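Encoded as structure tokens, the following chain is the form predicted on its own, with no partner shown.
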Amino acid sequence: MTMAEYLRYIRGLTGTKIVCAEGDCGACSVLVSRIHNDQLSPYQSINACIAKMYLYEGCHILTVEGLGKAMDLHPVQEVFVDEQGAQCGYCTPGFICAMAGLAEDLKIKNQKPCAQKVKNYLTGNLCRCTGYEPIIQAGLKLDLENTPSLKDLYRDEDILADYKKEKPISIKITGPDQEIFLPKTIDEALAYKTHEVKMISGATDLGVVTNKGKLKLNKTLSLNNIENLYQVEKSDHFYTIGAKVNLTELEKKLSSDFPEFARLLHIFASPQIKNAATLVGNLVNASPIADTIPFLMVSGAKVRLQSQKGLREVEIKSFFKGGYKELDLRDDEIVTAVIIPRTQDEYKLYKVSVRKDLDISVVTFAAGYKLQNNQFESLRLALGGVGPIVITPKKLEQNALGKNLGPKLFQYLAQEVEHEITPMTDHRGSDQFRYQLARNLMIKFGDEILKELNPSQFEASI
């Protein structure tokens, strides 16, 4: 079952609504804290409509019913009432939970609400009748001094004591035609992994596909209960991103060394999606329009693969074998980490979609480079949405080296890019539209570099 189905039909907690069943509208938003190393993590909002219930073993789930009492509303609920933040009220519980997550995060960081933060936290919630202005005003008028921490509402020590009594073990759920395994160790996971086993991470894609009846997960393996896979390890030369690190955590941890990637992740999806989705999940899903893959390509990242036969690390470029979703991943292997080098390279990352935020890409573009003496000392390019996999145009990279930077160079590269790509036509755009986008993004890349090198000259030429 999905979490939303369980909450509504088994527990009778009908404040959690099911509307889109795709993780888009936020009416199903709830708050989740996961137990790690005998501590509760900060509460984060997720979409319960696509969250598989079995993925939340070892979690504390907080619904709108748990925030306040009939005659003693939570401050977030009170401010919604005061600011007329609800009409029909159908979407309101999701807004309440998302805003309670905002209040919790602001209290942890000792910050005050501002319009941008309120909007950021509510980007995954759609309102159909109230209008967003009173909802934003409600967020701005949050009284954080009198807003209890969610950890104060539900005593951590009591939850942890109950959890420890259960003696967490590996879990296997078997039904007439389905089997789900949640091991506690990577060795158990490797022993279980075969061709017929489907890996599931945050379920932000598989949850939608199964909800719509497009796929049935007959034999499923989840790494959710393996503690060390939630870690981001930083060394002098590398970041090692565990398979269960979500995109919210990744955005925070990589923001100092890779601000351009963090900026891209900021508009990747709603908080509810990023709190569940993982980097490894986005990678192994292998979509040619996946937002993270172009950056991983140009950063020189590697994939860590494990099986009972041993461990191997594969460069991202070699991980994709050329065909649509064709990977260098054996049936008995599991991706346990992504390794990103820490270098002095600079990056430019672009995404074109129908709308700026929370949308599937039409074309993506990534560049990793070093400059010296007005030339590219090194250059790596990647384009998504223009072929069956993310394309790395080697000829363009080689042709750009050793040439002086200027408008003519980037105009030349823009014209040549069409010889390196094979876009298709679909409901998001025609092949000709994608050709034009690829050319435009190359020109944009050049314009930004030239402006950074010589702002006054660039402005004069414009």
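Residues carry their position along the shown sequence, with the first being 1. Predicted model only: the values in this text are computed from it and were never measured.
Below: the form predicted together with a small molecule, not depicted.
- Exactly one listed residue, out of L358, V232, L160, L144, brings a non-hydrogen atom to within 4.5 Å of the small molecule in the model of the complex: L358.
- Contact with the small molecule in the model of the complex, defined as a heavy atom within 4.5 Å, holds for exactly one of R380, K351, K302, H74, namely K351.
- The partner is not drawn, yet in the model of the complex one stretch among 37-45, 400-408, 432-440, 22-30 has residues with heavy atoms inside 4.5 Å of the small molecule: 22-30.
- Residue contact with the small molecule in the model of the complex: M297 places no heavy atom within 4.5 Å of it.
- L182 falls outside the set of residues with a heavy atom inside 4.5 Å of the small molecule in the model of the complex.
- At least one heavy atom of D291 is located within 4.5 Å of the small molecule in the model of the complex.
- Mapping the unseen interface onto this chain, V314 falls outside it, with no heavy atom inside 4.5 Å of the small molecule in the model of the complex.
- Not one of I10, I61 and T63 places a heavy atom within 4.5 Å of the small molecule in the model of the complex.
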